[in-house]
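One chain follows as C-alpha cells, the form predicted alone.
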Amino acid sequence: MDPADSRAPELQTLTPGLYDVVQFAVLGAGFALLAYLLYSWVSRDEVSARYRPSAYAAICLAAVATVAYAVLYSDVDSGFRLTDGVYVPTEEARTTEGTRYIDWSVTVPLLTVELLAVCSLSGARARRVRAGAMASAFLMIVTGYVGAQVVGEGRDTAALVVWGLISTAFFAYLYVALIAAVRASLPTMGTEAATSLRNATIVLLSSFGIYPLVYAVPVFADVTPAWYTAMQVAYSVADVIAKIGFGVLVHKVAKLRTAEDVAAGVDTHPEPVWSSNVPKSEGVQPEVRRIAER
C-alpha cells in the first residue's frame, strides 16, 4: 500500500475476520433500519395531525437510510477482493465512505425536522428554527465530506483539520438551536412528555458526538485495518441509535402530546392513545366533539 493511503480508512487490507465484522455491522444496521421503516409506517396514525410531520420525517429518513445501507453493503462486497487469504481493497472501495455521507446529508436534516415537529414552536419562529437547523445539519455533513473525501482524497491532514473545524461550527450552531427549541418547549407539556423529549434530545445529540470523534482519528494517527473495522461498527451503531433509538422516543413524545391535547379538549383523535401499555386518552371523534359542544 502507498504510504499516503495509510490515512484513508476505506483503503485498508482486511483479514477475513475483520471483513466479516464489517459486513455484519453494515447488514445488521440495514435490517434494523428496514424494521424501523415498517414500524414508522404502521404507527404513523397513532399521533394526531399536529405531530404527524414528525412521523413522516421518520418514515422518509428510515427509507433513505435503508436504501443507503443496501448500497453500502454492495460497496463493501464489491470493494474488497479476497487475495492470498486477505481482503484487498479494489478501486471501488472508496465509495463506501461516500455512500455514508450521501445518507447523512439527507437523514441528519430530517432528524432535526423530526425533533422540532414535537416541540412547541409555532408560526414564523418554527419555520425559522427549522430552516436554520436543516441548513446547518446539511452544511455540517457536506463540509465534513469535503475534508474527509474530496481535498487530497481525504489524506491531507491540513484539509481534515480546516474542514473539520468548519463542520464543527455548523455542529455547534445545530446543538444550540435544538437545545433552545427543546428548552422552550418543555414547560408547555406534561411531565412524562417532557422527560421523553429531554431523553430523545440527549440520545440524538450524544450520538452526533460519535461522528466527529471518528472523523478526527486520521488527523492524529495512521488508520489501521482494526480501526477501519471499529469505524464501520461505530458508524453503524451510531446510525441505529440516532435514527431508531431517537425515533422511538420522539414517537412516544408525539403520542403523549396527542393524549394531552385530547384530554385538554384542544384536539381530537379517533382512537385511544396508549403508551407503554398504559391508556393516556380515550378516542374522540371530531363529529362527536362538535355535537358535545352544542
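Every value quoted in this text rests on a predicted model; they were computed, and no experiment measured them. In this text, residue numbers run from 1 along the sequence as written.
Beyond what is shown, the protein has a form predicted together with another copy of the chain; the following relates to that form.
- In summary, among the residues Ile102, Val203, Leu186, Ile166, the only one with a non-hydrogen atom within 4.5 Å of another copy of the chain in the predicted complex is Ile102.
- Heavy atoms within 4.5 Å of another copy of the chain in the predicted complex belong, among the stretches 156-164, 211-219, 171-179, 115-123, to residues of 115-123.
- Arg81 belongs to the set of residues with a heavy atom inside 4.5 Å of another copy of the chain in the predicted complex.
- Although the partner is absent here, Val284 is a contact residue: one of its heavy atoms lies within 4.5 angstroms of another copy of the chain in the predicted complex.
- In the predicted complex, no heavy atom of Trp227 sits within 4.5 Å of another copy of the chain.
- Contact between Ala63 and another copy of the chain in the predicted complex is found at the 4.5 Å heavy atom cutoff.
- Contacts of stretch 59-81 with another copy of the chain in the predicted complex, defined by any heavy atom lying within 4.5 Å, are made by Ile59, Cys60, Ala63, Val64, Val67, Ala68, Val71, Tyr73, Asp77, Phe80, Arg81, listed in sequence order.
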